[in-house]
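The chain below stands alone, shown as structure tokens; this is the form predicted alone.
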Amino acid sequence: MNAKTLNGPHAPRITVLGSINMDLVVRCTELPLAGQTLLAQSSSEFCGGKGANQAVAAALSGGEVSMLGAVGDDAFATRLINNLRMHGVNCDSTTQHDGVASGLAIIAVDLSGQNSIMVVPGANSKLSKSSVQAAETLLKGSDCLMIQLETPIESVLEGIRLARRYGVRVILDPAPAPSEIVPSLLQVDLICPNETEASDLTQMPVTNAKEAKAAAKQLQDLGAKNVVITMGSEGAILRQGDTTTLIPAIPVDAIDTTAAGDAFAGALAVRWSQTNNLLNAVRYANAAGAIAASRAGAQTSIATQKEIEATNEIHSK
């Protein structure tokens, strides 16, 4: 699994294989019970999906990003694609499917911040193995492939297979955590779960740094070359080879953590591709995640490269 290193001054070429959703957020005083009708306070529409969020994060961090995904033939499709392009993401490998709706997440949020979420995969379920094979040339020319688990597992596995064939670095954000682990799914250069996902994958408790270190070793034993477990305000655990390091979090007043993990992943992919220094990349990504957590919204909370570098510089002194 010898990943490419950058030759020359070009921006890192990042391909994101993942979901594209429209998020419908409804704010209410309390979450409704079964059979109950409530009057909500407001509703908003946001472009989202873990794949699209990470593509935007990587692009804002300075990557040359391509989105390998799918949308439907509804009114949301054009908005979703235009939003990605507005952020500098190439959508030539994003396919549109007739007779199906784009991915949709319906999110109810009460006054305390508790939420209830229903996700309709829609066109995301159309991202097939053959769709990934059709993008083989794109993958071959990439420096890094980013994947999550909101699209069919066969498409994810095909992406991993092709990336390994061409020596392309693979970063897996295992969200949502799979109910059953396919061994080849973890044959990646880096797996980047949060505490809950790490616990689900290893069947081990992950509530503190000591437990996270044990889980990171277990994930490495299961096939991942490197492991980063993000733990919010507790920081991140990085395991490389036989070395485990705790990278402290950057303290912020968290307002909305919706896309903090996606901001972290996108920034990490770009910086790791630029420097080939994973520890440096995790520190940089910590700054990206902290900024996102301190702002409201998903993609609207993601910071630019300039903002991340400024925050990273302040907290590295």
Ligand code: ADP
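The shown structure was predicted, so the numbers you read here are calculated from the model rather than taken from an experiment. Numbers follow the displayed sequence, beginning with 1.
A second form of this protein, the form predicted in complex with adenosine-5'-diphosphate, is not displayed here; the remarks below concern that form.
Chemist: Taking 4.5 angstroms as the heavy atom distance cut-off, pick the stretch from 268-276, 63-71, 22-30, 282-290 that is near adenosine-5'-diphosphate in the predicted bound form.
Modeler: Contact criterion met by 282-290 only.
Chemist: Though only this chain appears here, would Gly232 touch adenosine-5'-diphosphate in the predicted bound form if you measure heavy atom gaps against 4.5 Å?
Modeler: Contact with adenosine-5'-diphosphate, yes.
Chemist: Can you work out whether Val252 and adenosine-5'-diphosphate are in contact in the predicted bound form, taking contact to mean some heavy atom pair no more than 4.5 Å apart?
Modeler: Contact check for Val252: yes, within 4.5 Å of adenosine-5'-diphosphate in the predicted bound form.
Chemist: In the predicted bound form, does Ser155 come within 4.5 Å of adenosine-5'-diphosphate, counting heavy atoms only?
Modeler: No, no contact at 4.5 Å.
Chemist: Evaluate Thr257 for contact with adenosine-5'-diphosphate in the predicted bound form, applying a 4.5 angstroms cut-off between non-hydrogen atoms, and reply yes or no.
Modeler: Yes - in the predicted bound form, heavy atoms of Thr257 and adenosine-5'-diphosphate come within 4.5 Å of each other.
Chemist: If you check Ser102, Asn194, Gln148, Ser142 against adenosine-5'-diphosphate in the predicted bound form, which one has a heavy atom within 4.5 Å?
Modeler: Partner contact (heavy atom, 4.5 Å) among the options: Asn194.
Chemist: Have a look at Ala236, Val206, Val132, Val188 for me and say which one sits with a heavy atom within 4.5 Å of adenosine-5'-diphosphate in the predicted bound form.
Modeler: So the residue touching adenosine-5'-diphosphate in the predicted bound form, by this definition, is Ala236.
Chemist: Using a 4.5 Å cut-off on any heavy atom, which residues of 259-284 would contact adenosine-5'-diphosphate in the predicted bound form?
Modeler: Residues within 4.5 Å: Ala260, Gly261, Phe264.
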